[in-house]
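Have a look below at one chain only, the form predicted alone, in structure tokens format.
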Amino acid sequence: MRKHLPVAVTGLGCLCAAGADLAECMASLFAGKRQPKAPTLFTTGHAVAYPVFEAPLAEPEQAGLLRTSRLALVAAAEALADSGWSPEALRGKRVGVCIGTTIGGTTSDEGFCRALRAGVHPDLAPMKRILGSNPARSLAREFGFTGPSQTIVNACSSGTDAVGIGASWIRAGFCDLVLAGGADELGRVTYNGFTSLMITDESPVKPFDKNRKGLNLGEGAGMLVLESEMLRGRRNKAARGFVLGYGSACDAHHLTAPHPEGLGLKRALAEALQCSGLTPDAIAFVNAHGTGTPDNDRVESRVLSDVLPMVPFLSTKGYTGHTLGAAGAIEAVFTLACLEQRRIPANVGFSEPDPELPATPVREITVVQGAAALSESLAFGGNNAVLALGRGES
């Protein structure tokens, strides 16, 4: 496989429990702040109120638009403003939208489902609202973009895959600009589903720690503006970073558990490094998937020890919770922001090393060397995706 051309990232946006925009998020990460709490968006009958990370969505509810798409719109507006583009200025240009999600709000109307199961013929307005809230289509409609529009639903690697696919559209010449990222909302169905799998922690999540018990769910959106060199050159715009490579592999080992030897993750890492032309010694750090579940962290630690020994790594899910389809996009945004700052925050929640894990994350704010980093996602079904990202122009 030949080396890919770098794709410029000219704008970044993020909304999650760590902050209402990227600046707030990064301030929270480097201050070690996190505030998981019992859910307020819905109620459950569980004896234990498993904590979640709710996003501070200030936007009023819009008719016909579900929470996932509203989260996406906030992050997308920030990314576009950061890039210097207004939707009006992009009219007539080939602008694509590629967004990852897992739920996308499709389980948000429980009343409709209950009525249907009871034999009632409910009004179809809720279903029309769900169909109208396709995240990619919502953004394309809101901003007037008429290029390719795709929503990626590939479990928890969806956001990473969306960025990788969006970059391929730029390289192939399909688009002048792509709005790529991920968005997902919290909901009762998702909450109950993960609780039934017995992989949620009743206390704040502890990625890679010996006493980790599972994940905390979160919600949010992360967006990147990917821009062709031709378009960027016309306005002499500096890049905030680059998508250097992307790898994706499925080991199909289990419905929910990663392959015990991390075969899929190893293949995705190898592909991302090969596409980017990077060697392990060029990697400044890794933003790991790091859910805090026993299996994920064990496998990921072993793979990092084998493939990228001595490279510092962390999980930012201790600050955001696991935002499912948005996770890879949010973490890509954080990775580029950390490359800009030449430092990474502490892996919050980690205090006691696990003797079963050969590699352990950073415990404090760490200065990093090098101009490239990796952001990786592991997902149900054996899906694995990795982005190789580069520092922008000073």
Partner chain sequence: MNLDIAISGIGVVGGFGCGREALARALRAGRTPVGKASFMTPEGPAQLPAYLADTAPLERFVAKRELRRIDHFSRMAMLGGFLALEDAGMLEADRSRLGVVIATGYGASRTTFSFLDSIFDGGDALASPTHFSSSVHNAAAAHSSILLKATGPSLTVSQFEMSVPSALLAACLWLEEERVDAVLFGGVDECGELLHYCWQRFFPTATAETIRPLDFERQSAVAGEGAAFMLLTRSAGAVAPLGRIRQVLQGNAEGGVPALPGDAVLFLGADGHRECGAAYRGLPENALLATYAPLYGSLPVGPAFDLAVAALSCRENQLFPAPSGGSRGIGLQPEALAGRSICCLKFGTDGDFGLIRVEK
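On a predicted model such as this, the values are computed, not experimentally measured, just so you know. Positions refer to the first chain, counted from 1. Rigid core here is just the name for the largest C-alpha set that superposes within 1.5 Å across the two forms.
A second form of this protein, the form predicted in complex with the partner chain, is not displayed here; the remarks below concern that form.
Identify whether the partner chain in the model of the complex is within 4.5 Å of every residue in the set 33, 203 and 296, based on non-hydrogen atoms. Checked in the model of the complex: no contact with the partner chain for any of the three.
Picking from 80-88, 282-290, 145-153, 176-184, which part of the chain touches the partner chain in the model of the complex when contact means heavy atoms within 4.5 Å? Of the stretches listed, the one contacting the partner is 145-153.
Note which of 306, 261, 110, 229 lies within 4.5 Å of the partner chain in the model of the complex, where distance is taken over heavy atoms; exactly one does. Contact check passes for 110.
Considering only heavy atoms, tell me if residue 315 and the partner chain come within 4.5 Å of each other in the model of the complex. Looking in the model of the complex, residue contacts with the partner chain do not include residue 315, since no heavy atom lies within 4.5 Å.
Residue 45: heavy atom within 4.5 Å of the partner chain in the model of the complex? Yes, residue 45 sits close enough to the partner chain in the model of the complex that at least one of its heavy atoms falls within 4.5 Å.
I'd like to know whether residue 19 contacts the partner chain in the model of the complex, with contact meaning heavy atoms within 4.5 angstroms. Close contact is absent here: in the model of the complex, residue 19 is far from the partner chain, nothing within 4.5 Å, heavy atoms only.
Answer with yes or no whether residue 209 is in contact with the partner chain in the model of the complex, where contact means some heavy atom within 4.5 Å. Judged by the heavy-atom cut-off of 4.5 Å, residue 209 is well away from the partner chain in the model of the complex.
Does any residue in 124-144 get within 4.5 Å of the partner chain in the model of the complex, counting heavy atoms only, and if so which ones? Contacts from 124-144: 124, 127, 128, 130, 131, 134, 136, 137, 141.
Large Cα move at residue 270 between the shown form and the other one, threshold 2 Å, rigid core: It does not, since the residue 270 C-alpha is displaced less than 2 Å between the shown form and the other one after the core fit.
Return yes or no for residue 125: a CA shift of at least 2 Å between the shown form and the other one, with the rigid core superposed? Residue 125: C-alpha displaced by 2 Å or more between the shown form and the other one.
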